[in-house]
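Take a look at this single chain in structure tokens; it is the form predicted alone.
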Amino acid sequence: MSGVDGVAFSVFLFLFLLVTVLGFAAARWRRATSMASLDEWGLGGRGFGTFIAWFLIGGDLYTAYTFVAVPALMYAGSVVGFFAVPYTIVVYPLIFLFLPRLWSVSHRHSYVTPADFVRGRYDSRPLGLAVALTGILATMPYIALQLVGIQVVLEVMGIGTGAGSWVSKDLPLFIAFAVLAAYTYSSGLRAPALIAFVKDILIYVVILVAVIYLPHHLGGWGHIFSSAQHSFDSYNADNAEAIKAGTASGKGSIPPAAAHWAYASLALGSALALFMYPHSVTGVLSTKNRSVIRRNAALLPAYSFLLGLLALLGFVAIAAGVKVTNAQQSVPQLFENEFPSWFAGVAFAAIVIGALVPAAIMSIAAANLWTRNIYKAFLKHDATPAQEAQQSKLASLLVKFGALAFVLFLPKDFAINLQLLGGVWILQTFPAIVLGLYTRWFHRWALFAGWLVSMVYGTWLAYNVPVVGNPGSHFGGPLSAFPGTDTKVYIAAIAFVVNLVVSVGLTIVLRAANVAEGTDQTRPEDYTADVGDAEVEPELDPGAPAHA
């Protein structure tokens, strides 16, 4: 602790303690008669309005790792690094179309997870299990990356960096983890919903101050862009031979023609995948009616505007002369170098709190998948609502322990690579979930086969991508050549095309063979139902069966 700035640390600690108190107090916020059901513990009572949902879903999607990683890509000169901004713009028209339908059918049938819907729609426990396992698998490294974001901030602050043992070094992370686990266990989804207010206010203040003050301090945006381009040009000139030989990547800010398909497929593929993550669906199902979802689809792009400004801080760090070996430290280091200690403390707290909110929602979403689609579906069919809630609480702790193990005992690159695979995997649930909201034409076993083939194929493609400059290594990036061409495309998109081809082809075959397709437990009117319609109540009966 000898190298720690006392003022910055004090401000950071005060804000951290503030959100800790809020996390535990959330159990009394919008208090329910009982928290002993997934509707209350896991979905906050399904009663959040536009204002709360905006903070909750925004806090859920725009994670701390996003705030660290996106400017880090710009700092490192990735020519496709800016894809994160257009993809968060493309996604909202998409969710405006299909998420109200998912809300309606989920509310009418007491569905808590997307796998609940898939099982009810296709009368298929294996397909529901596939969606649930994919969600849990894709979520674990996502939570781990939030903890990586916390670690980066702690390192820049100097906390634990001089410690001799790994226990002492990671003690602050243990404490943050324990606090997160405790208030999530106690308050469920209400905790991140309440903390999201503080997190987003801090993030907005920090970013807006940074993008106004820093350009003025550093000579204007023209100088910042020129400095970044000069830095990239110098690197490319110094490493021309290595870049030509393929042992190093060139740097730039605009994708060249050869990277256009890579950029476009990353943006579109990520947009399609974003709301397949269970934590995204959890935020949506916690809203009180369809209009809340539509309003948020219109209002959430405000976060994308913020993300665009944040991404530019990568260029600002270059202009400010920030030198770090780990690009993810560039923005925290920028704040430490350029701002007074008290404001740096606010910025550090904003990033760390920005990690706690999505980590809490992700662990709840993964726990709900376990409880509804594995525990109750296969292990204890007659579980009561109280037993479900207790099971989810315990599972959320296990999920967080798993994420912590990722960070502590595996190389960070492993967590990042698994996050890359997470995007590849979760997109393969799109046909069963989103197409299923519009048509029952697909056969359940065709969807299962499409999911299985694309999961294996996508993982194999990702495994065969070497790290630049390290032949023989694996999981080196998100891009691979589209089959039969030299054009690099997002691996998730390639696997998704394979998924669709298999699903369509096998559906035709299985229908022609009259293979049993199961009983659809939903009705057409379920997909447009809203609060006030028949059989749609503001408060659901926690004891109502999900597949009645």
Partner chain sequence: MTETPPRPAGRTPRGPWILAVVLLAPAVILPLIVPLYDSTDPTLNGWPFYFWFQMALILMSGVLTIAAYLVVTRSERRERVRDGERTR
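All figures in this text were calculated on a predicted structure; none of them were measured in a lab. Numbering follows the first chain given and starts at 1.
Omitted from view is the form predicted in complex with its partner chain, to which the following refers.
Engineer: At 4.5 Å between heavy atoms, only one of the stretches 364-372, 424-432, 248-256, 326-334 reaches its partner chain in the predicted bound form; which one is it?
Structural biologist: In the other structure, the partner sits against 248-256.
Engineer: Would Trp445 count as a contact of its partner chain in the predicted bound form, using a 4.5 angstroms cut-off between non-hydrogen atoms?
Structural biologist: Heavy-atom contact with its partner chain at 4.5 Å: absent for Trp445.
Engineer: With a cut-off of 4.5 Å between heavy atoms, is Leu404 one of the residues that contacts its partner chain in the predicted bound form?
Structural biologist: Because no heavy atom of Leu404 falls inside 4.5 Å of its partner chain in the predicted bound form, the answer is no.
Engineer: Is there a heavy atom of Gln419 lying 4.5 Å or less from a heavy atom of its partner chain in the predicted bound form?
Structural biologist: Taking the distances in the predicted bound form, the answer for Gln419 is no, it never comes within 4.5 Å of its partner chain.
Engineer: Report yes if any heavy atom of His260 sits within 4.5 Å of a heavy atom of its partner chain in the predicted bound form; otherwise report no.
Structural biologist: It does: once its partner chain is placed as it appears in the predicted bound form, His260 has a heavy atom within 4.5 Å of it.
Engineer: Is its partner chain in the predicted bound form close enough to Ile89, Ser291 and Phe315 that every residue in that trio has a heavy atom within 4.5 angstroms of it?
Structural biologist: Looking in the predicted bound form, the three residues Ile89, Ser291 and Phe315 all sit within 4.5 Å of its partner chain (heavy atoms).
Engineer: Scan Gly321, Gly222, Pro340, Gly469 and let me know which has any heavy atom within 4.5 Å of its partner chain in the predicted bound form.
Structural biologist: None of the other options qualify; the answer is Gly222.
Engineer: Please identify the residue among Phe305, Tyr213, Phe174, Phe409 with any heavy atom within 4.5 Å of its partner chain in the predicted bound form.
Structural biologist: Answer to the contact question: Phe305.
Engineer: Using a 4.5 Å cut-off on heavy atoms, what residues in 259-279 are near its partner chain in the predicted bound form?
Structural biologist: Heavy-atom contacts within 4.5 Å come from His260, Tyr263, Ala264, Ala267, Leu268.
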